[in-house]
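The chain below stands alone, shown as structure tokens; this is the form predicted alone.
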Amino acid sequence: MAENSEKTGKVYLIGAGPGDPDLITVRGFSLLNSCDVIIYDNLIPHELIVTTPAHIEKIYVGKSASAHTLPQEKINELLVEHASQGKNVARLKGGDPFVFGRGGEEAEYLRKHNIEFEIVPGVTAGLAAAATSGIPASHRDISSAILLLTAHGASEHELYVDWDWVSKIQKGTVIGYMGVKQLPNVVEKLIEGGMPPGIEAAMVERCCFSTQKVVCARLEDLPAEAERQNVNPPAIFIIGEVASLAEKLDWYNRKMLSGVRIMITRPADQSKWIYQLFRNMGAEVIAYPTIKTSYNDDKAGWEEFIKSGGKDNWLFFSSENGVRYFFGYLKSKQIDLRLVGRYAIAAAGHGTLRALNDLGYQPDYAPAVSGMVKFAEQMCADIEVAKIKVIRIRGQLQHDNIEEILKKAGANVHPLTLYNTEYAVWSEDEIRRLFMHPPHMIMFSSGRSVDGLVEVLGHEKALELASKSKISTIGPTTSEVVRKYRMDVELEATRHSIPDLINQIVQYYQKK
């Protein structure tokens, strides 16, 4: 959606769902990746933000129990400001925008200022908390009514909820939002109003995250049990006989990595399959890339590629990024792919091989050796490189060991430098969110990603994060960089590939 200063933009009030990025609707996901600006709240999965196109502006306006980045009035003004500039705005809210999400207030403000808007519903946290806890919100034999309410401000604003009326509900389920601090007060009012103190109840913290916590007790005992088990916001309380089914119908915490938070530091555009794989195994993915890549237009390198080709001409790929930027450029410029067929292809590394296979290419040379230097040396041993011309597809490097080894063996090497690698930039709010729920495991797939963490956080803050986590690396070179910063390595991939590193992490937690 291109920015247009002459035409007013549109605001999409999108429900992101309750925590798992897979639970956003197809409509919401599509709009999120095609808007001009994303204005998002505290409980939005970071993965949804970092995997959107880089040109989209991202603005964090989150609220938590202890801090508000922007008051609601300023958020309203921000929506109008950007839409008035002709931008299409994705206002991304946790759960459903019209269920305790202040979406109604924002829609009213937009209508008042003649800004067009659309509501994109989301899975609301109350119903999601019940589902992931094994508690059916309705049940033909137990509950024929569902009441959603907010417990926020129960002691200060008596008119918000008629607790006497709520306490008279029978054969129903009461689901309360924002009730951690007010839980003792709420329970007292309900019992005073006549709700049976022995009725089944539950408290669900961080629903739809891998580290979701479910506390079950009789209504009268729930506040004490929630305090004993240290339940913190955000949490949902569920009251009704259906809560008695939680243990029997538990399904959410039965996956092999349930309860584990894993931080992925690779660039987000390379990591979507890793995010999905870990989530499928039950882990909570913390998508915090420490490095990012961008296209580099190497005109001389492309000219060399286009004019070359034929017998004894090679394309040498050594990274997924190289594959992605190379074929992305050919597609964007509508360059005939048959040009690639004039070359033999060498592919170094498991990820590189997989990226080529995904595009339908089978490399001519791809021995299973560990490390780029060993790969280049093996290639010189297996092929008469003195007779070949190599288009070396790479990122910007101060020193290229592969090029040096091939040239020394007599190869005619021409670099095609397609991308730049830079350190990521995290806002103070993103750093604060990271330390609120630090990872159990940090996964590094390159020394550069380790450098990036130290660059983004500073050395002392990086050491603090590492002290709360375990560290896994793709191989000894990356481990050396970790130890250079006085951090410890818990796991190291034996085959020096991402799949092997993932397997090592899975085995580590299965043993534990």
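Sequential numbering from 1, following the sequence displayed. The structure displayed is predicted, hence computed values, not measured ones.
Omitted from view is the form predicted in complex with a small molecule, to which the following refers.
Asker: Wondering, does residue 240 line up within 4.5 Å of the small molecule in the predicted bound form on heavy atoms?
Answerer: So residue 240 does not count as contacting the small molecule.
Asker: Under a 4.5 Å heavy atom criterion, is residue 82 part of the interface with the small molecule in the predicted bound form?
Answerer: Heavy-atom contact with the small molecule at 4.5 Å: absent for residue 82.
Asker: Within a 4.5 Å heavy atom cut-off, is residue 99 in contact with the small molecule in the predicted bound form?
Answerer: Residue-level check for residue 99: yes, a contact with the small molecule.
Asker: Is residue 191 part of the interface with the small molecule in the predicted bound form - any heavy atom within 4.5 Å?
Answerer: Outside the cut-off, so no.
Asker: I need to confirm a contact call. Of 349, 223, 94, 439, which residue comes within 4.5 Å of the small molecule in the predicted bound form, counting heavy atoms only?
Answerer: Here the answer is residue option 94.
Asker: Could you work out which of 263, 202, 235, 416 is the residue within 4.5 angstroms of the small molecule in the predicted bound form, going by heavy atoms?
Answerer: The residue in contact is 235.
Asker: Since the chain is shown here on its own, which stretch among 380-388, 366-374, 317-325, 124-132 would lie within 4.5 Å of the small molecule in the predicted bound form, judged by heavy atoms?
Answerer: Of the options, only 124-132 has residues within 4.5 Å of the partner.
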